[in-house]
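What follows is one chain in structure tokens, specifically the form predicted alone.
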């Protein structure tokens, strides 16, 4: 008897056939068993427990120890997620969050990830690290069926912020990504971040904002459809995906996830690092009432940061970083400055900043009052 899971796995396997490197297939699974082993037994090992975005696990900004094997564990979780008041997504996630957790290491460290695909899942999954070198970013070495686990290790050779995502092959790739399976890794220089003059800079807080575009089908009545499981959602979702027009564009997996009780916080005078990723579409982050003091728009710390940006550009399939010192208290809106996507589709976050107002930077000289319409405002100021 062929089960629903067998059918789904069969489709994924067709898309990712297990050819060895001698066959020139774009979706091949590589066999690296003949490669010479690497002895890392003398290297220290450190474990980090990942935390859900927008928060970031504890880490040093400047490394005070030699390179190490940095170990992480992640579970792949398929589950239904409410992304708006009237909208549900059959999501596929890393560790249950959208985006997946931000991993932080230093240049020269080895990233060692144990990836679990629990037996209750329906789908085959893997992980492609844009920070890694070789084997489709690890995607061809981490393909796991439900009930399997795998361990991937790669050397972090390039400092910066990088996307990771699921890429199980063929048409499964975009579907898994827009169903929630993306995240980011930050590889810090061992001596920390530097400004445009190559002087050290640091941050008081770091937040990770993952932007997702979702494609939720509607029924004949115009209501968003809800599905029994992730497999049932595929064909209807594919039709919406291929139209290239998202129904929702969110920060951290849900409309309003980073507003209200979920709003980010900071204090006046603090430097806050915002890491922003978008695994599928271009985005234009903008901090209303603030700026990007230092912006690594492409996310690569070997390049000097740009300064004083009002809006920056995150290319689809990349992650960037921006540092800002909050000079005024109040509510700041962090948005995708395609304002249709920010206001109508959901790509808005809030930052609540504590402090004392500085009238030298901005002052309300006259509060709103009625004026003499017949005589005032008819001519320009002299």
Partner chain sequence: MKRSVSIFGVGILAAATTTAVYLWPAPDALVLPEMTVISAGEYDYRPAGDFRVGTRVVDAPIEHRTARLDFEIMKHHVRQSEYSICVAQGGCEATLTKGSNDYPQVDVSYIDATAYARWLSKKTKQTWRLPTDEEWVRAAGDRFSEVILGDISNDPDPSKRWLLKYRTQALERNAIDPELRPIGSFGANDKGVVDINGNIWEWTESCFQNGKVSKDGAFLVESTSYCGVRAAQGKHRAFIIDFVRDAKGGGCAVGTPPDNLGFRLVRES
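Quick caveat: nothing in here was measured; it's all calculated off a predicted structure. Positions refer to the first chain, counted from 1. For clarity, a rigid core is taken as the largest C-alpha set superposing within 1.5 Å between two forms.
This next part talks about the form predicted in complex with its partner chain, which is not shown.
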(request) Would you point out which of 330-338, 48-56, 33-41, 62-70 contains residues with a non-hydrogen atom within 4.5 Å of its partner chain in the predicted complex? (result) 330-338
(message) To verify the annotation, which of these, 311, 265, 302, 202, has a non-hydrogen atom within 4.5 Å of its partner chain in the predicted complex?
(response) 265
(message) Whether 173, 229 and 244 jointly form a contact site for its partner chain in the predicted complex is the question; each needs a heavy atom within 4.5 Å.
(response) no
(request) Flag residue 316 as yes or no: does it have a non-hydrogen atom within 4.5 angstroms of any non-hydrogen atom of its partner chain in the predicted complex? (result) no
(request) Using the partner position in the predicted complex, report whether residue 288 sits within 4.5 Å of its partner chain, counting heavy atoms only. (result) yes
(message) Quick check on residue 148: any heavy atom within 4.5 Å of its partner chain in the predicted complex?
(response) no
(message) Considering non-hydrogen atoms and a 4.5 Å limit, does its partner chain approach residue 191 in the predicted complex?
(response) no
(request) Any residue of 349-373 with a heavy atom within 4.5 Å of its partner chain in the predicted complex counts; write them all down in order. (result) 350, 352, 353, 354, 355, 356, 357, 364, 365, 367, 368, 370
(request) Using a rigid core alignment, state whether the CA of residue 369 is displaced by 2 Å or more between the shown form and the other one. (result) yes
